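Shown here is one chain on its own, the form predicted alone, set out as structure tokens.
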Amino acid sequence: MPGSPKLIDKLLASLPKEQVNALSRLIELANQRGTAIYLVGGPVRDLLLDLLPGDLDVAVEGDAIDLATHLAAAADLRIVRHARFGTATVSGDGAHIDLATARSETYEAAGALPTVHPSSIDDDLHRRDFTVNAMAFALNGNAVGRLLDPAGGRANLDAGLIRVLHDASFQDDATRILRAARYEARLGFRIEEATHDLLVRDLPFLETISPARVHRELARTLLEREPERALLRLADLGALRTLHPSLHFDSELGAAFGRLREIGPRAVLTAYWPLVTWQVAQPAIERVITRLALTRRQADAARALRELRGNAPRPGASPSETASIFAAQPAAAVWALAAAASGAVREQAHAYMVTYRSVHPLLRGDDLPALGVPPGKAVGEVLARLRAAKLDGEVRTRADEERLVRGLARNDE
């Protein structure tokens, strides 16, 4: 796309080749059809902040699903359509573009999903959550590369402010309260004073948000590099206790999030969820699980964490005793305990996750009959005893294991 203005050039330079190819094909198709398309929202914000944009969000002044269908066919990509909202996602081979028909929105009731109406790019920008996300630039046509900023988003970027577009914004969609804290934490910004006052005023509207939508917003928060920053802000604003009175988050729990990333970086996406419920007392845990729409695995981990906090291994417990307690619980709950507990319990949980759970005998079940263990239930019992012996250092070599098994077999005769 020779001659593209500076913002277009900056966009292309920031994207991998696969994204550039898909975007170029999209612009070509839009030009052929006389359809105006715009990069909108987060990618524009991130470009202006010299951050790498994530997935591309494109607004279409026309039928986005039809244009996406042609793009998928032309570029041999997958497509997922969402007819109700006039949106589609095209992806594959390293490319990912979200297309949406430019629209206006009306809300029939607080907390309800909006009713959408095809409209102009100007209306589309005015329906958005915050001014820093209400910018676009044209990808084609006579205005290619021109920044559209009807709400003063660039000035708020320069000032480091998160500001809503109108006074009823949080009433229309209270998930914006959760997003405000997320953007503030991610970008290192602060919520603008008048927006803060509106947010606090409209906290009760969080009660209109369905558990499924609350879950989606919290899941996005937990994907952040340091999600505890947003969670601490939500606690400070009173949003967590509005979601449920038993939800609390403090700096000590925030530190546990950081420890979890250090000791179990691959476990964070599953172990963050039980950590969110760390301070929820047993009588309220089921209500919190329901309010946050936790999945079965997330709910099991939250329940298990309650149990482990009351029934952790005793101080000085042997490795085999420790393993027998933790092995029966979801790994996410044990990781959470290793991050947030104190003293011996933290050390035991950490030792189990990084060492004990990977300790297994050299002998297998099919090795035992030759050592005198009869087939059936006895095989499992001997293997469990053998693993305990290995955890506690009673056996080290295969010969040690064989001697122990023969002795156990003789005792059972």
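Values in this document were obtained by computation on a predicted structure and should not be read as measured data. Numbers for residues come from their place in the sequence shown, where the first is 1.
Just so you know, the form predicted together with a small molecule exists too; it's not on screen, but the next bit is about it.
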None of 229, 306, 154, 179 but one has a heavy atom within 4.5 Å of the small molecule in the model of the complex; the exception is 179
In the model of the complex, the residue from 233, 241, 186, 196 with a non-hydrogen atom within 4.5 Å of the small molecule is 186
Which of 268-276, 137-145, 169-177, 88-96 sits within 4.5 Å of the small molecule in the model of the complex, heavy atom basis:
169-177
Does residue 41 make contact with the small molecule in the model of the complex, using a 4.5 Å heavy atom cut-off?
yes
Residue contact check: residue 57 to the small molecule in the model of the complex, 4.5 Å heavy atom:
yes
Residue-level contact is defined here as any heavy atom of the residue lying within 4.5 Å of the small molecule in the model of the complex; does residue 101 satisfy this criterion?
no
Using the partner position in the model of the complex, report whether residue 387 sits within 4.5 Å of the small molecule, counting heavy atoms only.
no
